[in-house]
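The form predicted alone is given below as one chain in structure tokens.
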Amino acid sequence: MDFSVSEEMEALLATIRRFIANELKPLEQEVEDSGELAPDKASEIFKKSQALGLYAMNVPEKFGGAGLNAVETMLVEEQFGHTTDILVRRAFGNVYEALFAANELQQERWLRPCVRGERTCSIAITEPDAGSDAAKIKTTALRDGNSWILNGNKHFISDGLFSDFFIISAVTNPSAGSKGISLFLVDKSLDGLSVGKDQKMMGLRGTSHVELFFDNVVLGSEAMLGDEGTGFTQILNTLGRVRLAQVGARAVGKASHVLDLVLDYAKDRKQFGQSLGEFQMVQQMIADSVIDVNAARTLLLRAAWEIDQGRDARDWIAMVKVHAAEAVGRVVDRAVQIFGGMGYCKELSIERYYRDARVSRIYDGASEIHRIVIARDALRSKGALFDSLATGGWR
């Protein structure tokens, strides 16, 4: 396995780092204080990012994107972890891989405008009684001639206030179980679609998490994304990449950023006539954080490499989701301890990172669910978790 990147990719990562430092970091505290990103500032960072070619980098070239492979995408997403969710969404976009299944008509109406930043999409899968178990959704889309009638509700829809269309999962064949679920592209402007409350969160300030209600929403036949009955498979594939990028890679980036702050503080802060970094117990916490960051990054890149080889990477993604989500929690917890009272104060960003990190173990599949997936596959393979690297490792 070779995780080295080209000079062009190194230059891209350097550009992203500068953009985050110069354009996004100065906005973080304002978002934290107000709970929102002002529309004029959102528009400004979008235009600057787009001008640099930094918008929708995960999208294949044939759809107008940068065409990065999985390893390159994860390196980019790690950089995104150095700032906050809402700023990443506005500056760099959020084009879900499920949209790549769009036919030509759908590409022109939904996908390409999304890649250009003219439209914004959210994915709506979670329901009050169907969180980790996405196959148990109750929202239905029943055929009516050449149309579909959508009824039901969703919640915790990230960025739902800002987005103007949604990828919706709905039951189209109630007797077929998970094979009776399909995906639809649903414009927010349609009659019968209403947006409910914005659920306020512990962290992730500025990003809305709303309820959606569908009351006899009429969808044309062109709204179905992919073939009927393939929605659950599409969901799993899309969420796999979301887990790897928006949870795993960004968790690595956030943990790395927090560790940098800790190292600077441990060298500069004096106690009892010496720097904090000279105390062995502080050194232990620093060492554990270094191990956590590098182990999570290595696991992340291995999972991305598996994808680039065209292999089934679901188990690797599950391992990344668990390890990276929990590693960032440990790193920021140690940071609070090392910073002491100031780490617990809102005056410093450490307190915000602590709150933002907590959700990583919950959303896009709780750690407990992914542990079940990993264990079941391990038992199914009779304990042979790792083959030789020549055969690609654990399959």
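Just count from 1 along the sequence shown to find any residue number. Since this is a predicted model, take the numbers as computed values, not measurements.
One more form of this protein exists, namely the form predicted together with a small molecule; it is left out here, but the text below deals with it.
Judged by heavy atoms within 4.5 Å of the small molecule in the model of the complex, the contact stretch among the candidates 265-273, 224-232, 154-162, 185-193 is 154-162. Within 4.5 Å of any heavy atom of the small molecule in the model of the complex lies no heavy atom of E351. The closest non-hydrogen atom of A245 lies beyond 4.5 Å of the small molecule in the model of the complex.
Interface residue remark: Y363 is counted as part of the site for the small molecule in the model of the complex, having a heavy atom within 4.5 Å. In the model of the complex, the small molecule lies farther than 4.5 Å from every heavy atom of L99. This chain appears without its partner; in the model of the complex, the one residue of I125, V217, V71, A313 with a heavy atom within 4.5 Å of the small molecule is I125. With the partner removed from view, the residue among A21, A14, A378, I372 that has a non-hydrogen atom within 4.5 Å of the small molecule in the model of the complex turns out to be I372.
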